[in-house]
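Shown here is one chain on its own, the form predicted alone, set out as structure tokens.
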């Protein structure tokens, strides 16, 4: 290889190296946050997130025994953020998983069958897409009432049409492939072709999109919790902790900033990993 050829390949190599390094960095951050939220309360010497200690109320970040400070009731913020992250992640992951199953199924059926079936499903999706995501989730959550199950269902109403659109586009593309036509010629029914040929070819595409949707779902969950329509107390969530911290934002800004930082970093990790996966495999 000549020097000119080596220089020509350098930008591509540098991009791949940078892309891979960034993936490892964001992936490690995400694994640490998820592991901390789900496993931290069992392996770390954390205080009871509901235990009050008025003598240490509004303790700043770095206080011995309360490394991320305490809130107005003296409750440990690190413990509350880890327990709250478990709620926020569970709601977001559950909503996205529900949207993947329901929306993916509707999209594959619409894309493969076409005709009247496609038209009916597409018009229903257009109605859902006409509402902004937060407004739609806010409407559903207001009707169902605040609870873990209801807020998950409310956010799922946003993820279903997004997944259905993507699955439909993938199914429209795959159904024109020769292997699908061959399966039809040999008598394969719709269920067989959908599960054995179309689903495997669109599944990875919609799975990579899940990372982006999880970040969006976390924003919606935080907004609902901030408005009092999320998971009701005493179960904490990041949005609920931010809402409670606004009362003391002038005297103790860390009460809102600490859960806000957890939320920001987690959403950034999901979004960036989703962008990288879509750019590489989408």
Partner chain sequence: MIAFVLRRIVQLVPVLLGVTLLAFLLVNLLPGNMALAILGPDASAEAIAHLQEQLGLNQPILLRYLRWLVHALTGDFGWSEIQSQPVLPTILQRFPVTVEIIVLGQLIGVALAIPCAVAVALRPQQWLDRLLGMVAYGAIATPRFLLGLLLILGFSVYWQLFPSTGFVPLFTDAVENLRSVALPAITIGVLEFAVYFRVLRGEMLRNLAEDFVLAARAKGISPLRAVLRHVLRNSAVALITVIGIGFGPLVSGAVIVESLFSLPGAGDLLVNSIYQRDAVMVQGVVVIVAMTVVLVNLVVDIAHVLLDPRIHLHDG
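Nothing here was measured: the structure is a model prediction, and the numbers come from that model. Numbering follows the first chain given and starts at 1.
Unshown form predicted in complex with the partner chain; subsequent notes refer to it.
Novice: If contact means a heavy atom within 4.5 Å, which one of 141-149, 67-75, 81-89, 95-103 is the stretch that engages the partner chain in the model of the complex?
Specialist: After filtering at 4.5 Å, what remains is 141-149.
Novice: Even though the partner chain is not shown here, does residue 222 get within 4.5 Å of it in the model of the complex, heavy atoms only?
Specialist: Output for residue 222 is yes: heavy atoms within 4.5 Å of the partner chain.
Novice: Would residue 210 show up as a contact with the partner chain in the model of the complex if we use heavy atoms at 4.5 Å?
Specialist: Contact with the partner chain, no.
Novice: Does the 4.5 Å heavy atom contact test between residue 127 and the partner chain in the model of the complex come out positive?
Specialist: Yes.
Novice: Given that the partner chain is not shown alongside this chain, does residue 132 nevertheless sit within 4.5 Å of it in the model of the complex, heavy atom to heavy atom?
Specialist: Taking the distances in the model of the complex, the answer for residue 132 is yes, it comes within 4.5 Å of the partner chain.
Novice: 227, 246 and 253: each with a heavy atom within 4.5 Å of the partner chain in the model of the complex?
Specialist: The answer is yes: all three residues contact the partner (heavy atom, 4.5 Å cut-off).
Novice: Just one of 58, 61, 257, 47 has a heavy atom within 4.5 Å of the partner chain in the model of the complex. Which one?
Specialist: Exactly one listed residue reaches within 4.5 Å, namely 257.
Novice: Within 4.5 Å of the partner chain in the model of the complex, heavy atoms considered, which of 136, 166, 121, 156?
Specialist: None of the others qualify; the residue that does is 136.
Novice: Heavy atoms within 4.5 Å of the partner chain in the model of the complex is the criterion; list the residues of 256-274 that meet it.
Specialist: Counting only heavy atoms within 4.5 Å of the partner chain in the model of the complex, the contacting residues of 256-274 are 256, 257, 260, 263, 264, 267, 268, 271, 272.
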